[in-house]
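We begin with a single chain expressed as structure tokens, specifically the form predicted alone.
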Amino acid sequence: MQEKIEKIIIDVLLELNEELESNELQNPTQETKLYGGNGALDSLALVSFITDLEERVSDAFDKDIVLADEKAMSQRTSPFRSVKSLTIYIQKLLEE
């Protein structure tokens, strides 16, 4: 499940990067920084990314998830800091 989630995240990042043309997102890996200090996404790009990602995850796993909710935003360590942290967070949401 983790590999499938990571692939979805990376695919969405690659598609988003067609618009952004960011060097950090040309070859995303699980260590790619997404948001926050040294992150590749600004707040506007993050919103677009989250919207697309929620839709893709919902289609792939036949379960609706909400990534940008109070639970995610109130965590000490943001799930949006890297591809790896976001993969783990999405997996937890899918297992609930």
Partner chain sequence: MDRVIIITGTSKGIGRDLAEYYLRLGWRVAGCSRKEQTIEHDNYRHFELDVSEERSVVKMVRAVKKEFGRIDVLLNNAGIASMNHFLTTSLGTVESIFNTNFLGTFLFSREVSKVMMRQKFGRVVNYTTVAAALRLEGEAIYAASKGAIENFTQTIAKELAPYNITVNAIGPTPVETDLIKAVPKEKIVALLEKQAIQRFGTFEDIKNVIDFFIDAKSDFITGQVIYLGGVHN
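None of these values were measured; they are calculated from a predicted model. Numbering follows the first chain given and starts at 1.
Form predicted in complex with its partner chain: not shown, discussed below.
- Contact check for residue 48: a non-hydrogen atom falls within 4.5 Å of its partner chain in the predicted bound form.
- Residue 58 belongs to the set of residues with a heavy atom inside 4.5 Å of its partner chain in the predicted bound form.
- Contacts between stretch 52-67 and its partner chain, counted in the predicted bound form as any heavy atom lying within 4.5 Å, involve 52, 54, 55, 58, 59, 64, 65, 66, listed in sequence order.
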